[in-house]
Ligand code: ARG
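The data below hold one chain only, encoded as structure tokens and taken in the form predicted on its own.
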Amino acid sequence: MCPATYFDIEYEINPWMRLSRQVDRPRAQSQWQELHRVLTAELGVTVELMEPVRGLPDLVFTANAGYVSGRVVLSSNFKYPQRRGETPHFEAWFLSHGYRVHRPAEECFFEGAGDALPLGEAIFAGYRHRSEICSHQKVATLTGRQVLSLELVDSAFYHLDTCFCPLGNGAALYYPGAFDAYARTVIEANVPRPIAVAEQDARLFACNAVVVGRTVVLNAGCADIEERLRKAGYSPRAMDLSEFMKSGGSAKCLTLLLE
């Protein structure tokens, strides 16, 4: 995770971001600190921190740093120039902590764990809005795992982790409206227990959740999916992350799982 010290809306690169709708920075920092507290104090997660950098407001969204498999990292190649300055800082952190860093081809965009999520033996990988399908072969080569490509068709769900959340044990949340027909078929064929999320909850970032065992940390207000998670044997932990939604992110975007 990266503290929200410099988090702000300084540009518009997805449908959620509006220069006219600025971040309440003290509130954002309080929300980030509460997420950190819940993960560490309540759920016992070990969280590594990296230093925030002035002028890189989206560095807080560490999910986009790269895809981590063991001690190997496929670094991100951001589509928009506004975020490309993050890459050297992410790579420096990985290298200083003993990871081997690989890069996608220069002409092939890839935005890390925002668009590549493991479930079972496979990795589900999104493409179209930010990452390109050409990156999926590199993910497969580095990890030795099957990569299932999913086309995203709604620009509001520009990364896979905004509309798909592996829960483990063959289960996953997903918002059907974010995917083309073939991608929905792939999900239904390869996820033994798919849980479809209604549009109202999807637009409250229900799928952008952090899963710790049977606890699902997600943005507040997703009443329907919270109830369905309980019925499926999970414990939803709702949090107010509304300031980060202004930039198109929530709990999952603010974290990167290190194996």
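All of these numbers come straight from a predicted model, not from anything done at the bench. The first residue of the shown sequence is 1; numbering continues from there.
Here the subject shifts to the form predicted in complex with arginine (ARG), a form of this protein not shown in this document.
The closest non-hydrogen atom of G114 lies within 4.5 Å of arginine (ARG) in the predicted bound form.
Remark: F61 counts among the residues lining arginine (ARG) in the predicted bound form, judged by a heavy atom distance of 4.5 Å or less.
T162 belongs to the set of residues with a heavy atom inside 4.5 Å of arginine (ARG) in the predicted bound form. Arginine (ARG) in the predicted bound form is approached by N14, whose closest heavy atom lies within 4.5 angstroms of it.
Here the chain stands by itself, but in the predicted bound form one stretch of 62-70, 212-220, 227-235, 47-55, 62-70, has heavy atoms within 4.5 Å of arginine (ARG).
Residue Y158 is the only one of Y158, Y174, F179, F90 with a heavy atom lying within 4.5 Å of arginine (ARG) in the predicted bound form. Contact residues in stretch 115-135 (any heavy atom within 4.5 Å of arginine (ARG), taken in the predicted bound form) are limited to R130.
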